[in-house]
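One chain is shown next in structure tokens, namely the form predicted alone.
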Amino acid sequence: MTFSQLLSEFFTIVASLLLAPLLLGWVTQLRAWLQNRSGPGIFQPYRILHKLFNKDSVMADTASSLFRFTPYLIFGCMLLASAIVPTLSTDFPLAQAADAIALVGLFALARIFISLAAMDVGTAFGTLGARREMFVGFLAEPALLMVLFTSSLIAHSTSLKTIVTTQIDRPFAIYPSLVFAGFAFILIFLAENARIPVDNPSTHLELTMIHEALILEYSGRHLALLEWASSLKLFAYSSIGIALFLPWGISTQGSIMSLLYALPIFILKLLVFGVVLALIETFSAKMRIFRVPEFLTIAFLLAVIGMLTYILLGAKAS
């Protein structure tokens, strides 16, 4: 493990912690502008985190140690997921652990614990949200694996570092298999991050909410960690999309100059990603909960078609 690798990992973790709330604020502000509203400002997530960290946590008498421990585990899982995705450089200490299956496993682990914590107190909303969250995960995780496997077929490896390095070294081209996988990833991205049309992150209507129902019983620093983890998950999925489909600009070295060169390019990609997300949410309507299986089934089928396209056509590009 060299100093440059440690420096690259440090830059990635710091960028994840600082840019995740900013990305969420950017998307919220863009949605407000597109709807002819002034909006709370792109730094509003930081203000919310500061307010929550300075408040005391209030918990139910029936809450167990699982309920208290879960926010820290969720935050750790999302931060680790953000740290193992090659965002600024492919030369970092966790590159060996940056496997596609391990990445999906982190998201699954976080989903299991947040669902268990939501049911721990015994409220109706928590149980409702846990059932819906597990239902969405049951459909979204296989589709995400298919997307990652489509990219791994091209690189002949499930290592995220190898996938990104292979894409960078190849000449720029449009691969039909990655086009299908890209559309599938967008659908998965919306479902996994509780965005419109699958869920509305700003609603508290019990008939429609999924993510918000899971964290209704949390307050203070515990709620702050969960909100920060939610923004980290949005950041991690954005980083996955950039690494798989727009890897150009990611450094293959860990030097300071290469990281300083890769950082503004990565931020620019995040800004564009935020614009696309805001446009999708603005021009889409919240679907009914029983239509979500159809939505995610389409994502799974698109990912499978991407794999079949690669098998039939190989790595041919247009």
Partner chain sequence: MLNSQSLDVVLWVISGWLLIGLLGILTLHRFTFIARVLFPLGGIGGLVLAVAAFRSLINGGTQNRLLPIGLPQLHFHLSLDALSAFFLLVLGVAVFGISIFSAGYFRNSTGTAPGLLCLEFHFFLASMALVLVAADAYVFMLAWESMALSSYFLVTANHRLPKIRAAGFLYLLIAHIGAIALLLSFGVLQANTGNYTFSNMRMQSLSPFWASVAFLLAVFGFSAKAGILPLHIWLPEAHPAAPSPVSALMSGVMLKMAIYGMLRVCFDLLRVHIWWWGVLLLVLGLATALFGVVFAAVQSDMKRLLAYSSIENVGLIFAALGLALLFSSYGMNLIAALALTACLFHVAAHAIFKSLLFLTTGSVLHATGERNLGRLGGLIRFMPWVAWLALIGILASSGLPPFSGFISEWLLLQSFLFTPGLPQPFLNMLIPVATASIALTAALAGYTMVKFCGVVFLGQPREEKLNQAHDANLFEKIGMAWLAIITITLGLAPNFIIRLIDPVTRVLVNQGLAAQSKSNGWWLLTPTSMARASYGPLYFLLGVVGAIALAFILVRVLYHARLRRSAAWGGGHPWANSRMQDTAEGYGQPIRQVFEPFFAMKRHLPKPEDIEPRYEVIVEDKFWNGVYMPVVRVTEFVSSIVGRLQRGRISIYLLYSFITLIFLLILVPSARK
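Since this is a predicted model, take the numbers as computed values, not measurements. Positions refer to the first chain, counted from 1.
Below, we turn to the form predicted together with the partner chain, even though it does not appear here.
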property	result
Single option in 225, 194, 243, 186 placed near the partner chain in the predicted bound form, where near means a heavy atom within 4.5 Å	225
Check all three, 124, 131 and 162, heavy atom within 4.5 Å of the partner chain in the predicted bound form	yes
Contact flag, residue 311 vs the partner chain in the predicted bound form, heavy atom cut 4.5 Å	yes
Residue 91, heavy atom within 4.5 angstroms of the partner chain in the predicted bound form	no
4.5 Å heavy atom contact, residue 168 to the partner chain in the predicted bound form	no
Contact of residue 96 with the partner chain in the predicted bound form (heavy atom, 4.5 Å)	yes
Residues in 156-171 with any heavy atom within 4.5 Å of the partner chain in the predicted bound form	156, 157, 158, 159, 162
